[in-house]
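As a starting point, one isolated chain is supplied in structure tokens, in the form predicted alone.
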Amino acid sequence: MNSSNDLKQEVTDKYSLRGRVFNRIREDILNGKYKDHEELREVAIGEELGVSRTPVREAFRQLELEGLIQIIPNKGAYVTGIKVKDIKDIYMIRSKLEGLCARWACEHITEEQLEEMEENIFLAEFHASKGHMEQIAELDNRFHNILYESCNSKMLEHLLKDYHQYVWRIRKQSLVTKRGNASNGEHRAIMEAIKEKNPDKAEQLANQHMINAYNNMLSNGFFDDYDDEHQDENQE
């Protein structure tokens, strides 16, 4: 290398590339492109993404740490994905963490974040009245991201954004039911509690919001159709 700056740039590019490859493969697993037990082939994925096998192999190691794939020596990497039991666990964990997030948001949320949250809720109500389900799902996603960013804890924000992404596929299904309207009403109640600087109420409402979302999935039978290969997980 010609200089330390060149070396630093090379390292930055390497990690940026690895990050992009990792996020793309993880997204493809979570949105159902790769099915449970399907083998992930380094060469094929590398060719698809236009990269060498090295960043793909590095992404595989990180995905194994997250429990999304299993690497079997001398055989290959196989998708394990998100099971029905994982979804239940995620929602129970999220119920506690989102409550804590809403509590901290009462102290740290900015005026700009509150305004964006309120605009988000108005837009969701508008799109619900028009039956625009795709926009409702996107706005639901953004509401939670605003909430996470407003808690002033990068550790909690990171955890919640990851959990939120893990269940994106089934959340999107759930929001096309009447749950979309109910969910937005719950968002408004959480926002009002935060605006009132009432941490106990905000925490309780955010906690219950997650419980309601999970119960809606149960009552609408989403787990019955989620993935036939996951059903044995739901019998435990």
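Between two forms, the rigid core is defined as the largest C-alpha subset superposing within 1.5 Å. Heads up: residue numbers just count along the shown sequence, starting at 1. The shown structure was predicted, so the numbers you read here are calculated from the model rather than taken from an experiment.
Keep in mind that the form predicted together with the DNA is not shown, yet the notes after this line are about it.
- In the predicted complex, at least one heavy atom of Val51 sits within 4.5 Å of a heavy atom of the DNA.
- At least one heavy atom of Glu42 is located within 4.5 Å of the DNA in the predicted complex.
- Though the partner is left out of this view, Lys75 does reach within 4.5 Å of the DNA in the predicted complex, counting heavy atoms only.
- At the 4.5 Å threshold, heavy atoms of Ser16 reach the DNA in the predicted complex.
- The candidate stretches are 104-112, 75-83, 89-97, 149-157, and the one lying within 4.5 Å of the DNA in the predicted complex by heavy atoms is 75-83.
- Comparing the forms between this form and the one not shown, the C-alpha position of Ile71 differs by 2 angstroms or more, with the core used for superposition.
- Annotation for Glu39: C-alpha shift of 2 angstroms or more between this form and the one not shown, rigid core superposed.
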